[in-house]
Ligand SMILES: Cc1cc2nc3c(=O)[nH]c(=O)nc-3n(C[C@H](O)[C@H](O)[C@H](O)COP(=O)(O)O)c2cc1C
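Only one chain comes next, encoded as C-alpha cells, the form predicted on its own.
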C-alpha cells in the first residue's frame, strides 16, 4: 500500500467535488443512462453530450429530449456549441430553465462537419467571435449559474504563439467563468499524437488560483494521477478513458487513497452492464436495446476476452441480444445494489 496522494478538492463554482475528476461531454455517449452509471461509480460531476444551440432553441420538446434532466443527475453541466453569440446566449437561458447547474461552452470540437459550420473548434481560429460569445452568454446568465469553457491549445498544429488560446482564456475569466477545460492538442491534430501536458502546466502556472481542468491522453486512472502531478491543474476530465470503463472513477479514487486500483470482476461487469441496459430501456423505451449496442461494444474492452465479446455485440442485430450475451460471457450476478 502506498501513501495517500494529497490533491485539494476540485471546485467548480459553488460545487466542491471530493475527487478532482469530471466526466467530460462525449457526443453519442454521455446521455442520461451513462451519466447515471458513471455517478454510481463515483463521478461527482457530469456533462451532457455537446448540443447545438439551434437545437436547444428550436422547441421545448426537443430541448427536453436532448438534455434529459433528472433529479439524481446533479451537479450537471449543459454543454452547447454554435456559431452566433446571440443564439448561444438564448440556449444558455434554456439550459438553466431545464435545471442544468453549469453552462459549458464548447470551442474545442474537432469534427470536420462542425468546423465547416464554424462551430466548436472553429472558434479557436476566431478568438474575437469566441470572446463575443462568452460575453453574450455571461450577460444572459447574469450570475444565475457558473459558466465554464472548453478549449484546445490552438487551431493549427504549427501555431507557435498560441495567441488565440490566451486571448479566449483571459476573456473567459474576465467575464466571470469559474473554470476552463483545456484539451492539450490542437484542433487540427484532433486525437492523434501525444497531448501536450507541458502546455497544461504553463496554463496553470499562468492563471494561478484560477480553476484549470486538463484533458488529453487520460485513458487510465494512473494517467489521471500523473496529469495532476506533472501539470498542477486542479482537475482532470475523463473522456474516452471512461467509455466501457466507468469504474475508472472508482479506480482513480482508490489511487488517491493510496490503494491499488481494483479491476471490476466479471460478475460486477455483468451487473453494471445489466443496470445500464435497464436504464437505456427506461430512457428510450423500445429503442433501448439499440442504444445499448454502442455501449456494449465499449464494455467489451474490460472483459478477459475482449475481442470475442466485442464481436458478439457487433454481430447482435441492433443489440437486441444483450441478455443473451451477458448469460454467455459474463457469468453469475454479484447483485449490484441500485
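Just so we're clear, the structure is a prediction, and the values are computed from it rather than from any experiment. Residue numbers count along the first chain shown, from 1.
There is also a form predicted together with the named molecule; it is not shown, and the following applies to it.
Contact with the named molecule, judged by heavy atoms within 4.5 Å in the model of the complex, is confined among 252 to 260, 200 to 208, 165 to 173, 217 to 225 to 217 to 225. Looking at residue 239, you'd find a heavy atom of it within 4.5 angstroms of the named molecule in the model of the complex. Among heavy atoms of residue 43, none comes within 4.5 Å of the named molecule in the model of the complex. For residue 50, a non-hydrogen atom is located within 4.5 Å of the named molecule in the model of the complex, even though that partner is not displayed. The shortest heavy atom separation between residue 26 and the named molecule in the model of the complex is within 4.5 Å. Residue 106 is the only member of 84 to 110 with a non-hydrogen atom no more than 4.5 angstroms from the named molecule in the model of the complex.
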